[in-house]
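Just the one chain here, the form predicted on its own, laid out as structure tokens.
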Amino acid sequence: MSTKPPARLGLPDLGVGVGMRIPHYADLLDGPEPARMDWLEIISENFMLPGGLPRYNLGRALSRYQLVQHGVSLSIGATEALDLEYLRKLKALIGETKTPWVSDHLCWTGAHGVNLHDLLPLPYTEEAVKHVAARARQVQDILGVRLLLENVSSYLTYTSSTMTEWEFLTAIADEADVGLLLDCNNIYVSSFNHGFDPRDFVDGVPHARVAQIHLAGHTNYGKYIIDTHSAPVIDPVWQLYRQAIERCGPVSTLIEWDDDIPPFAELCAEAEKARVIRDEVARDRAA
């Protein structure tokens, strides 16, 4: 019989969670008991300002759930200096939430002081590996918790790239000693847009560094896919998730749904699908 694998990078497996979104606040925060949800993910930037209703709801959530912080503004791949004031506010929030790790995207979001409010891909080169890894080490040291970098959905590639995306992700994680947030939907979206086998991506990352997984829906326009987080997870993405859990063992899993947000019961049904797959893989590993 196989033994239970160690926690990823010393980080716990929290089970299955969902993103904390305003349309579901009543279901999550107002009932006499917490919803049947193992944990919640919050967007860090939504709670980094003092006072106001967001902070009030943060306190309510903290009294009921384990919260994990996920960011969209780190811009780890940018060429400008790290925003130390942003990191100061992020660290202060970490002190409140006691998040076991903090995550953001392997991307850049702007230049010359202009935020493009998009998660833009990087060229997959040795130079970019060294640049991002140095910044990631600095961020992790400043924040004092493990940093996880997430693979993004992409809609363009660079002619200067010299490696695959999963080789690039692996090289940065190993050099910086950071963790990975493996987004199975983003893998599928990028594989469709760029013509690679998504199974190679899942097999190619360092599984011992995967401490969280994202699942979401998208919008297929025929010739390309946009990562919209506006629909249920499709079967091929569930298959990638099963493959990831088989390779990594039990990993904290999060259902993202950010547009055309459904009733809470539908979101919970998606979370339950993830639980079923986790349980099936665990039974197979124990056999």
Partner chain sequence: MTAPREPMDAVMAFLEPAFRRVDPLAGDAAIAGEVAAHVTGNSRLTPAEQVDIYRRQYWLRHLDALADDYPGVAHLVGEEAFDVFLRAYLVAYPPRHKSLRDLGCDIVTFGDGYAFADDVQAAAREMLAYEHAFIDLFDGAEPPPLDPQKLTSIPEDAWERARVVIHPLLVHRRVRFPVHRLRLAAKDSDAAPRTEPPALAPANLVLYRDDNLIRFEELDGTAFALLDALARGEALGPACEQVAATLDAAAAEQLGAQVGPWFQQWTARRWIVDVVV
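Predicted model only: the values in this text are computed from it and were never measured. Numbering follows the first chain given and starts at 1.
What comes next is about the form predicted in complex with its partner chain, which is not displayed.
Although the partner is absent here, residue 34 sits far enough away that none of its heavy atoms falls within 4.5 Å of its partner chain in the model of the complex. Contact check for residue 226: a heavy atom falls within 4.5 Å of its partner chain in the model of the complex. A residue is said to contact a partner when one of its heavy atoms sits within 4.5 Å of a partner heavy atom; residue 135 meets this definition for its partner chain in the model of the complex. Heavy atoms of residue 114 reach within 4.5 Å of its partner chain in the model of the complex, making it an interface residue. Contact with its partner chain in the model of the complex, judged as any non-hydrogen atom within 4.5 angstroms, is confined among 205-213, 176-184, 74-82, 143-151 to 74-82. 157 is the sole member of 162, 157, 170, 97 with a non-hydrogen atom lying within 4.5 angstroms of its partner chain in the model of the complex. Within 4.5 Å of its partner chain in the model of the complex, a heavy atom is found for not a single one of 17, 69 and 88. Along 28-56, these residues reach a heavy atom to within 4.5 Å of its partner chain in the model of the complex: 49, 50, 51, 52, 53, 54, 56.
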